[in-house]
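Next up: a single chain in structure tokens, the form predicted on its own.
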Amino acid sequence: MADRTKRSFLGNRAALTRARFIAGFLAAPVLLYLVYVISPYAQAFSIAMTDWRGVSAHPGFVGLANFERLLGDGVFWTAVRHNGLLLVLMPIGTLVIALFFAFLLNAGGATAASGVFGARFYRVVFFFPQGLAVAIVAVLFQQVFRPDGSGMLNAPLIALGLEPVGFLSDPGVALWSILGVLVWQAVGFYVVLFSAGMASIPRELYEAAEIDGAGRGRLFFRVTLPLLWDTVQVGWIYLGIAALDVFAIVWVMTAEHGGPDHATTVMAAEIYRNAFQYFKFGYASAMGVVLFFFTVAFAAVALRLSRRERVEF
């Protein structure tokens, strides 16, 4: 009886020591998360219910008035539509192109189990845009899209006697130009990411499928994509959040920071404009709260719709 009581006491003491050890390690990260993540969110929600203009120490409480005003703000809903378009097209375009090039690099050789010659070099080339700051990318493509003879795209058109294209000045073309830049910037990272995932797939699976007469298309859809689905799912969610949060490319590249005539404006640009140009911090915070819920809702829906049985090998 005494031995049993002693073992129980020692077991409880070990459990308590383990709990203290775990709590000690978790305390600092949880505290940092509360201070630098949860606290700013709570402050944004609080400011969204005020008329604060950034200078008063005691902003007036207006309740849901800022959110009611948003319902009738045409510019904001134009920005929402633009973010929605980017949310659909940017992940699709980026993932399709990245999967295509990654598959070529890993299974585009003489046999499906081998990649193309110089695959490592191509991965470095594809990844190069990730080494550039977003502002540098925006300035670079400002020059590429110039409407005169010094623009890389318009110079050949002018030389052929054709009319130059207003890539950033034509309201019907500007947003598509922004989309192209966003895809160009993002695709290299996902080429490398998917290449790493494909490299972990056993070569025997490709060899067996090739012996059974499977072509490259069937190899991709029957072998590669199912085994890579978890990575694709993560990429889809990350790109969707990036499409909702896009700001620097639009702000630096376009006329009027979202122009012409709000043709390329996005939610983040309107938040910045209202906060730091119009000094309507309460109204800008309300926009930020809406963007927050859009982002969370997208992540939840994307996880739900892309859920499928995991393939093991």
Partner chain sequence: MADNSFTRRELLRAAALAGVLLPGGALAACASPGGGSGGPAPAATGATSAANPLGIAETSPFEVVIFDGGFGDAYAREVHEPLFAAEHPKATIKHTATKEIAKTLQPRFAGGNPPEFVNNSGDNAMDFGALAQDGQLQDLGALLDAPSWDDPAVKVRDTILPSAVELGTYDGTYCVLNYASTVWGIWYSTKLFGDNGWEPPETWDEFTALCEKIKKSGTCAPFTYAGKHPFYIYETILTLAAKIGGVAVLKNIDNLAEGAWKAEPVATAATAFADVGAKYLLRGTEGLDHIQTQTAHDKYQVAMLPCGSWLENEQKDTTPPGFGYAMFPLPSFSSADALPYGTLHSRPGEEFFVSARSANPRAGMEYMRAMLSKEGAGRFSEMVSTLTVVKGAAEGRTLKPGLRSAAARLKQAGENTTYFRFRQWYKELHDEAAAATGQLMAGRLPVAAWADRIQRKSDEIRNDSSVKKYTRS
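Numbering follows the first chain given and starts at 1. All figures in this text were calculated on a predicted structure; none of them were measured in a lab. The term rigid core refers to the most C-alpha atoms you can superpose between the two forms while keeping them within 1.5 Å.
Below, we turn to the form predicted in complex with its partner chain, even though it does not appear here.
The three residues H82, P156 and S177 each lack any heavy atom within 4.5 Å of its partner chain in the predicted complex. From the list 186-194, 85-93, 165-173, 212-220, the contact stretch for its partner chain in the predicted complex under a 4.5 Å heavy atom rule is 165-173.
Among heavy atoms of Y272, some come within 4.5 Å of its partner chain in the predicted complex.
Heavy atoms of Q143 reach within 4.5 Å of its partner chain in the predicted complex, making it an interface residue. Using a 4.5 angstroms limit between non-hydrogen atoms, L64 is distant from its partner chain in the predicted complex. In the predicted complex, its partner chain lies within 4.5 Å of some heavy atom of E256. In this overlay on the rigid core, I22 has a C-alpha that sits 2 Å or more away from its partner position between this form and the one not shown.
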